[in-house]
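Take a look at this single chain in C-alpha cells; it is the form predicted on its own.
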C-alpha cells in the first residue's frame, strides 16, 4: 500500500511528480463515458514507463491463446478490448528541446481528476535542460453528452524567456496492446487524410472487421486570439500529423485545442464512418471547448443527484466512495445492451476488458438502485442474448444439455485459458441465476421471468443436473473437481459455495416454474413445450436438492470451504510477517495452494447472497472462522466482509473493510493498480455503504433498512430508487431520516418496524 494522493471530497489530487507513481496515476486518473475511455497519459512526450491507453467499448480482438500445454476444451482465443488510436498526442519542442517530464525538472506539478464536473486537469512548471522554464495547464474530458467526442485544451506559457515552439499535433493508430499474447499489432490501415487543420485515421481490426475512425481538429490561440497558421501535414501508415511553427513570448499563453470524434462501425455503416466523423466533429467544434465542458458539468450534476453518497466527518471515506461511483458511471451507462462492464473498465488492459461474473454478483445492485430499471434489465438481457453460446460452451466441455456461461467473454463464447478457471470455476453459472432473482426481487418485474428469465434458469439447471456426481454408497450428490470464488484453492471436491449455489438455482427454477403455472398457464405451457421439459427432469432436480452434500465441521458448527479443508494448518493472517503480502507476488503457487489463506470470500459469499436463509449465529460462526484467514487479494472480497460485519455489529471491522474496498486503488492496497483500476469491485464499495451501513435488504417485496453509523462519521446519506420511489436516506448519530422525493408511496421496514412513506414526505426514526 502506498498513499500519495491528497484527500479531497470531490477531487483526486496528486501534488508533485514522481515517475515511480506514474503508471498507477495513469490508471487512477482515467476518464471515460461508457462509449470510450482514456488512461491519464500525458499529451506531450513522456519517455519514462507508461501505458498509453485509449479504448473503445465493444471493439475487441480474438488474440490467439498462449498456453504451454493445450487441453481439449480450451478456447482458441482470449478476447481483448483494443488499445485504439492515440488522439491526445502532442509533441512540444521549445527552442529545439523536446518537452518531456521524464527528462525535465518538474516543479509545482498538480494532477486533478475533478469528479464533480468530470474532467482531468494537470498543471506544472517544467525546467528544460537549457534552463528555460514553461508553465503548462492541460485539461481534457470525454463527453457524456456527446459520447463520440473528446476534447482537450493545452496552455503553454514561457516564464523566463521568449523563443520558438515547434508543435506537432498527431493521430497515431500504429499502436498495440501491452497484453498482446504474441506482441502482435491488431489493427490494419484503411485510410488517412488531412485537410487544413483537420486530420483523420481509419483502421480496421485484422479479425472480426471492426472499423474505427478518429477525426481531429486542432486550433491555436495566442493570448486568447485564434491564429491562422499554415501547418505542415504528414501522413504515414496509420498516422497523421500537423506541424506548426509558433512564436513564444515571455508571459504570453499559447493555447492548443484538440477536438476528436471517435466513431466505430458498431454504431454506423462502415462506408459512412468518415462522413459521420466529420459531422460529429463539426458539431463539437461549433460548440467550442467551454460549452462542451459546461455541458459535461451539467450532465455530471444529474448523475450525482441520483447516485451520490455523502459522508460527513471522514474525508478519506468520502473521497473513496465518490471515486468508486465516478468510475462506475463513466464506465457503463446502460444505453447499449450489447455492452457490459469489464473488471478494469477503461483504465487498463488486464483481464482484456471482458465480461466476468463480477457484473451479476457486484455491479447489478448499483444500477438497480441508482438508475432507470431498463439499465439493469439490459445487463440481464446481455446474458440472455448469449444463451445459445452458453449452451455451446457446455457442449464443448462434453455436456449433453444445459448451459454453462463463460468465465470470460465478449460475445458469449468462453475465452479464458487457465484450466482451473475455464473448466472448474463453474460457480459463475449460479451468479447468472442469482442476478435474475435479485432483479425480480428488487424491481418486482415478474414479467422478465416469463419473457426471458425462465429459459436461462432451466438451461442453467440442466447443466447443474449433469454436473453433479451421485454417490450411491452415501445416497448424496457431490460436486467434484471445482474451483470456488477463492481461487487460492483449485480442483477441490465439494466447495460449499458451489454446491449451495447450484442447489439454490434448482430451487429457484422450480419456484419460478410454479409461479408461471399459477399466474399464466398458457405461457407456462409454451415454455414447457419449447424447452421439452419433462416432469421426470424436474423430479431429478428435486432429488438433487434434497440430497446435495455440504461439507461441515460439526465441532465448530461451520460450513467448510471444501472437503478436507481442516487438514490445512490454520494460521491467522495477522501472524504472517507483512513482507509475505501480497501472497500472489511473494509466494509460489504451490505454497499458496497448500496454505489455508483465502483470496476472497467463498463461504461468506454464499452467506451474503442467500442471507435470508441463515440466522445470525450461523453467519457469525462462519465469519469469525474465515475472516482472520482471508488476505483479500481479490478486489471483490473486502466489500462482502464489510456488509456481513455490519450485520453482525462488528463496527470496527466493517469500517476497516469499507475503507479497504473504497480506497483499494487510491492507496494501491494490492500493489497492482498500474494494471488498471478494479472497476467492478467499486460497485461492492457502494454495496458496503447502502447494504452494509444502510442495512438495505428486500424482504417479502418490501424495502428494509437497518442502518448504523461508524463512530468517526458525523452522518452519511445515500439515494436509492425502489419501485418508482426515489428515497433519500440520511443517518446521523441519533436518527435516521428518510425522505421520499417522488410522488410514489412506499411501504418499508426500519429496524423491523413497519412504516408507510407517502410521496413527498419524510420519516424520522431514532437510531
Ligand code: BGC
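Computed from a prediction, not measured in an experiment: that's the story for all the values here. Numbering follows the first chain given and starts at 1.
Form predicted in complex with the ligand: not shown, discussed below.
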Response to the item:
Assert contact_stretch over 209-217, 118-126, 332-340, 352-360 against the ligand in the predicted complex, heavy atom within 4.5 Å, equals 352-360
Worksheet, complete the sentence: As a check of understanding, the residue in 604, 321, 636, 380 with any heavy atom within 4.5 Å of the ligand in the predicted complex should be identified as 636
Practice prompt. May I ask you to choose, among 599, 386, 663, 500, the residue with a heavy atom within 4.5 Å of the ligand in the predicted complex?
Written response: 599
Item to complete: May I ask whether 43, 93 and 240 each come within 4.5 Å of the ligand in the predicted complex, counting any non-hydrogen atom?
Response: no
Discussion item. Even though the partner isn't displayed, in the predicted complex is residue 317 close enough to the ligand, meaning a heavy atom within 4.5 Å?
Written reply: no
Worksheet item: How about residue 407: is it within 4.5 Å of the ligand in the predicted complex, going by heavy atoms?
Response: yes
Practice prompt. Would you please decide whether residue 459 lies within 4.5 angstroms of the ligand in the predicted complex, comparing each non-hydrogen atom pair?
Written response: no
Discussion item. Residue 424 versus the ligand, in the predicted complex: is there a non-hydrogen atom within 4.5 Å?
Written reply: no
